[in-house]
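For reference, the chain that follows is the form predicted on its own, supplied as structure tokens.
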């Protein structure tokens, strides 16, 4: 039972991060390799707002989440917009450079010392018993938030005007532009939503454990989950996250905890051999890359 709980929590983390990879890729065909750093920035944003709004944890969390959304929009408007029409490799290299810049900036402003946002919020992370297993309050919140985010994204993409425009821009940007859809606004929205979900993941992970420079590794480990499921499928990201997290937890428990860092990439390599476009991905999308 404890193994199932651990898998569920880790899958929720990976799913919350990997949906950002999918949102950006399926809309603008860009692989955002700075996603882990943006997630970490969102966590440090919570640490800062928790100090600014001491005694008001909900206000601090809401402000940090809003800032994450704004940061994502600004990243596109100020940086990635200029990559439109350029080679895919140029955009990918730009995100790598952005990630390096963000790491240096975070160390400059917040130092490399481990921080504990949950203490600054004045909250506690109590353990909750589920049968013979235990889960932290933040871990349970992670699962609930991930479920709400995926339900919200499904409803947004399927039933709202902006969501339908985003899907249209991803499927055929030229036709979408001819029909009057502002592609840059759609791309900015996709980056904002992706950074928002990554920021939520970063904030919750930081509250569940601690906040330091290694958090960006979680974003990197979530990338195989998105690829395993299929980069153009949100449901695939959820399924890929479950597969990667189950593999990682089982290897840690039955083999060696030191292998935890490489398991997601072993699963990815196996998937690339069998089905390079992912479980629920579209083969044509891979050909376009």
Partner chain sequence: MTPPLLRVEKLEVVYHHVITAVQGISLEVPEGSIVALLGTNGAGKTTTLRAISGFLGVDDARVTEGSIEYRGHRIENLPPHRITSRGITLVPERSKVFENLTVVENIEAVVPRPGADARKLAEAVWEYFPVLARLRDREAGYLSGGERQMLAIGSALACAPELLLVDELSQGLAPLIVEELLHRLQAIRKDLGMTLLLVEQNAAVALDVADYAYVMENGRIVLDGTPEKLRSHQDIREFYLGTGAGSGARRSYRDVKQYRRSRRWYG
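Positions refer to the first chain, counted from 1. As the structure is a computational prediction, the values presented were derived from the model and not from experiment.
Unshown form predicted in complex with its partner chain; subsequent notes refer to it.
Listed residue that, although its partner chain is not shown, lies within 4.5 Å of it in the predicted complex (heavy atoms), from 79, 137, 177, 97: Answer to the contact question: 177.
Evaluate residue 168 for contact with its partner chain in the predicted complex, applying a 4.5 angstroms cut-off between non-hydrogen atoms, and reply yes or no. Flag for residue 168 set to yes.
Tell me, yes or no, whether residue 93 is in contact with its partner chain in the predicted complex, where a contact means a heavy atom of each within 4.5 Å. Heavy-atom contact with its partner chain at 4.5 Å: absent for residue 93.
Is there a non-hydrogen atom of residue 172 within 4.5 angstroms of a non-hydrogen atom of its partner chain in the predicted complex? Yes - in the predicted complex, heavy atoms of residue 172 and its partner chain come within 4.5 Å of each other.
Would residue 164 show up as a contact with its partner chain in the predicted complex if we use heavy atoms at 4.5 Å? Residue 164: contacts its partner chain in the predicted complex.
Candidate stretches 68-76, 180-188, 215-223, 116-124, one within 4.5 Å of its partner chain in the predicted complex by heavy atom: Of the options, only 180-188 has residues within 4.5 Å of the partner.
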